[in-house]
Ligand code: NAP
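Shown next as structure tokens: one chain only, the form predicted on its own.
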């Protein structure tokens, strides 16, 4: 029987699904010993620090992760940073294969004047801020203005806009970060504008996200009915409309037609709108947009513009991978062919492989496909050094699965008196204390 040692870098969905695919591929002749490395003190990646707090059902996938993690021959090494505590070269030396599942955590830039003004943020800062990511606790989100602009037309943009537009009491029973909840309760924002460069038929929102909008109890949602109908006509003129596009457009039409209740809070959708400039004297005061049109199926600019006065801008136009020394990158992701990194026993899964696309479940099939290639490439097992021994000699304190379970229990216990699923800890020393 051959036992191969595999290192997985990143404890998010892609990493766990890669571990699951390895576990499911075991036979009487082939087994795997899996070490999962994560730089944060806590696992689960975007399920913990990316999924909106008012979407608790999506987070139940963590139960699958816990089942994978408590399987024999799986070890969790949280609080261990690649490039600082251990190098990629050392992992290559000591493991039969290395799987990079580190995701994409850096927000793409708009590349327009005024983007660096105070009050302009990327969703890559804003989302982890309200999700209690320990590295984003001190991001200074000023909510003292009455209007916010969210740039982007995907589910991340929708999450950001919804978090800003809903009545904060709706977040009280969630695991929203305590510091963010306090700031949201004192927020002056009453109008949130979502602006996308392309037409409604090209929006990357998913229908379930759109269908949730009419359920907001204290917020009116405004969508231009004529703009949606025009998009529907364009789509139908091109032939059979894809099922997901038709569902999106039908949902948007229903929202545009729904009765508005004159709530103090409102959300506005603007399609075919390209941000040209953010203006302000030392801080955000206004965003200038160019108006686009669709010609022969292509989005082209017109000479017309409009502006929105605001005090907060959050761009959600995609993510790029944080670069790891020893790997080549292209287009914000690790350079790879179907998940293989050429010339090395290194593989890449999830967003680090394909860019920020798909939903959590997409990572399951993606990781499974890459693991098949990994297994095809295996030769004779190496006799590498133990990661725990290496870290111990360097004085690196790692958080194991057992340690994480103590942190998890403490967070859940802290949330119970307040009717919350948990109160997330953000202080690393406090986490290490609870981890024993």
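Numbering follows the first chain given and starts at 1. Note that this is a predicted model, so its numbers are computed, not measured.
Form predicted in complex with this ligand: not shown, discussed below.
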Flag this candidate site as yes only if 110, 316 and 358 all have a heavy atom within 4.5 Å of this ligand in the model of the complex; otherwise mark no.
yes
Only one of 339-347, 166-174, 150-158, 244-252 sits within 4.5 Å of this ligand in the model of the complex by heavy atom distance, namely 150-158
Of 103, 128, 275, 119, the only residue with a heavy atom within 4.5 Å of this ligand in the model of the complex is 275
Only hit among 232, 191, 133, 197 for heavy atom within 4.5 Å of this ligand in the model of the complex is 197
> Wondering, does residue 55 line up within 4.5 Å of this ligand in the model of the complex on heavy atoms?
Replying inline: yes
Can you tell me if residue 269 lies within 4.5 angstroms of this ligand in the model of the complex, counting non-hydrogen atoms only?
no
> Does the 4.5 Å heavy atom contact test between residue 366 and this ligand in the model of the complex come out positive?
Replying inline: no
Taking this ligand as it sits in the model of the complex, is residue 258 near enough to touch it, meaning that at least one heavy atom pair lies within 4.5 angstroms? no
Within 175-212, the residues having any heavy atom within 4.5 Å of this ligand in the model of the complex are 197, 198, 202, 204, 209
